[in-house]
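Quick heads-up: it's one chain on its own, the form predicted on its own, in structure tokens.
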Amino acid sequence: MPKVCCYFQVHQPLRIKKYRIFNIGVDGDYFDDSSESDLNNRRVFEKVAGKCYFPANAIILELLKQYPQFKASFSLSGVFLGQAEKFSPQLIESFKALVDTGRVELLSETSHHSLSFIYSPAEFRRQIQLHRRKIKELFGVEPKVFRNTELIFNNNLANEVEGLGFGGILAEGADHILGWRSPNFVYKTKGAKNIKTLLKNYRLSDDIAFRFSSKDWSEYPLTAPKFANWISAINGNGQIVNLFLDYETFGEHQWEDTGIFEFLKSLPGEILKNPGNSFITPSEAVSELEPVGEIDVPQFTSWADTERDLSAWVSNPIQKDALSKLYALENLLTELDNPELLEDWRKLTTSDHFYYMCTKWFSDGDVHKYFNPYETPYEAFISFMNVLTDLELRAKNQKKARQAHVEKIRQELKYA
């Protein structure tokens, strides 16, 4: 019977405020919007914490107490953790309570939920190390399995992550990669030696994440017994069922009045009614299950949109221009080694900034509009580029000041 692997992504971006051209050179605070708009990061964070994080954590903790066989895993982005430490320290304690049960695993990712592997493998490695240290500092554990931003994945990434010491990596079970094969098995990736790949069962995951409250869906309403029967039906046709979801599914994307919390409370018990079913964490899956074959992923895949590719972030000229100019500053900022400037730059690498610039208005249009706090993608682009201009100005001014200081010392030594 299949083992169920529940993984939840927990991420809240720091949204850039409406940063105008006249702010350049005078305002170095890019993210603190004191208004009541959707760009006020504290207000948004506290709203989602109240609607999702706290109630969902309470349910998960109760399920762990009620069912010793139940297990789950989370990836907590560094951007999320930074806001939690600042806005809601008790939320960190809430997640600690889950981890302390010994049956909740924390995964690794880039510290700033970035697209860095695509643009700078060196920064990719640095952000992984930053995230590892933060997880160790807050929770006392060291992640063994890696989950890249938005499940972005290809052969080269799997090889890079294996070289960093991870035993497993998560990816999207995209049809164009699998062909006739099932996501309900463990695979190895072409070129990799030992790292194992766990593939999201996107049909079952998206039944919860996107279709749960859709009255137009033929399976509406989705109940825990019905879903558990779908899991049990995989008997003999898979090793593992990977249910990978945004944690905000519970209470934020699917509101409480849809019944999503009652579904979450009931699901583990319904799955465990079949004595052959069980739960497993990603690292346990990596340790216990052997690959049944190899997947070849030369092009990037992700879990975003119907295409499962990079088009949500890099499909139009404004996104490409913003990303190009952003990573063009990397060498200058790493050379200066100013923690404040570097941290501001890293906050700008968060993938959501480029998602807000997406201009795809066909099958995925409603999704992009729902998650976009800006009135238009172009407004997001303008604020981002103005901030980037200011950051570059600050960096160049510091470089000039440093050079002037060095020259002054040189002159003093010359005439000493």
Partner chain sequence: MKTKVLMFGWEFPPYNSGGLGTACFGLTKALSSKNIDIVFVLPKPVNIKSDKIKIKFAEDQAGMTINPQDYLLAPYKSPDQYQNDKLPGRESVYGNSLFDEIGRYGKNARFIAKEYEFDIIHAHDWMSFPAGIEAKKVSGKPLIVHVHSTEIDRTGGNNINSEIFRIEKTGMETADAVIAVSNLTKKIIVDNYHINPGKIHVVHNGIDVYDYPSIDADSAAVIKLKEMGNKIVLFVGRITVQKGPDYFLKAAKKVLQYNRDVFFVIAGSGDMEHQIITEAAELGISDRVLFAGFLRGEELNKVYRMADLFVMPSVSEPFGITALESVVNGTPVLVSKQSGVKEVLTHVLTADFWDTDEMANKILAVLNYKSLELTLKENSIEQVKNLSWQETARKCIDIYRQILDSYFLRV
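As the structure is a prediction and not an experimental result, all values here were calculated from the model. Numbering follows the first chain given and starts at 1.
Heads up, the form predicted in complex with its partner chain isn't pictured, but that's what we're talking about next.
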* 4.5 Å heavy atom contact, Asp321 and its partner chain in the predicted bound form -> yes
* To do: Classify Val48 as contacting or not contacting its partner chain in the predicted bound form by the rule of any non-hydrogen atom within 4.5 angstroms, answering yes or no.
  => no
* Using heavy atoms and a 4.5 Å limit, would one call Asn40 a contact residue for its partner chain in the predicted bound form? -> no
* Asked: Given that the partner is absent here, does Glu379 sit within 4.5 Å of its partner chain in the predicted bound form, heavy atoms only?
  -> yes
* **Heavy atom within 4.5 Å of its partner chain in the predicted bound form - the one residue of Pro121, Pro317, Pro89, Gly191 that qualifies** => Pro317
* Of these, 345-353, 62-70, 382-390, 32-40, which stretch puts a heavy atom within 4.5 angstroms of its partner chain in the predicted bound form? -> 382-390
